[in-house]
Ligand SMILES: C[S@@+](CC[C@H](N)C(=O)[O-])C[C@H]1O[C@@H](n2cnc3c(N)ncnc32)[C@H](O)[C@@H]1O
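For reference, the chain that follows is the form predicted on its own, supplied as structure tokens.
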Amino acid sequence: MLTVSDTAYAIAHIRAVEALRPPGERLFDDPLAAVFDAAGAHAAEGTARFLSLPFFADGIRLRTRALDDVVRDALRAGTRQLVLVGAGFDTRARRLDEVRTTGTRAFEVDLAPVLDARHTLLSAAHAPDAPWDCAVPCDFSAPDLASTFVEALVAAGLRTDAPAVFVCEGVLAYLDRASIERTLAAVYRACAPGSRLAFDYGAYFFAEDSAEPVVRAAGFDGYDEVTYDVLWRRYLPGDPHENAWVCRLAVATRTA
């Protein structure tokens, strides 16, 4: 099974390199990615290995932009809570202007050591304070996740009677089936009607092929997904990479 360190620095590198593209070709702006990229010098060999994989870099670029748009769409609809599930080095809560300007409260949920490392790197880089952004330690492999996840978020200020948009980016590949089911159930318990959960996964990852049955079993009553060849045509010129169809981005909703 993959570990977070296998890909975290490679993804930070891809996001940092995006800033070197001409403005008209960038899919997103992530000025803080350079902080994590610089801290990953020790993982350069692993980063190079991942970057050599077909479609890896373009897949991360597409995923980042598509999830940004899911968040923006939720904020336009009036949602004022953002929960990053397995936040890692994601800086979405800080880099999307819409989060700050709408007064959205953000919660970054991850293992305590990951959040500590993140805080240390950002502090050392003198990153601007983000008082709307709150770190929430949580162990996704814990058997009692369904209760501890909600309890930790509520203690941090999440309102379970108001809609939230949950982003679970690049997380499912690190979890076994039981942990995925617990995570989906925990997110659903934290959801008020009108909430959304966006996540990515690969074809054949689930025995059912699609994540939809697992998502609906957790309680969500709405589901939509797109393959990355569709995202390619939405965001990039030319024909999609031949492997783009393998990756999928899904949005689950709770409407009642």
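These figures come from a predicted structure and were not determined experimentally. Residues carry their position along the shown sequence, with the first being 1.
There is also a form predicted in complex with the named molecule; it is not shown, and the following applies to it.
Taking the partner from elsewhere, no residue among D133, F166 and S195 has a non-hydrogen atom within 4.5 angstroms of the named molecule in the predicted complex.
With the named molecule left out of view, the stretch that reaches within 4.5 Å of it through heavy atoms in the predicted complex is, among 152-160, 171-179, 73-81, 122-130, 171-179. Although the partner is absent from this view, F89 contacts the named molecule in the predicted complex, with a non-hydrogen atom inside 4.5 angstroms.
Among heavy atoms of R65, none comes within 4.5 Å of the named molecule in the predicted complex. The named molecule is not shown here, and in the predicted complex it never comes within 4.5 Å of any heavy atom of T253. The named molecule in the predicted complex is approached by R15, whose closest heavy atom lies within 4.5 angstroms of it. Shown without its partner, the chain has V114 as the single residue in segment 112-127 with a non-hydrogen atom within 4.5 angstroms of the named molecule in the predicted complex.
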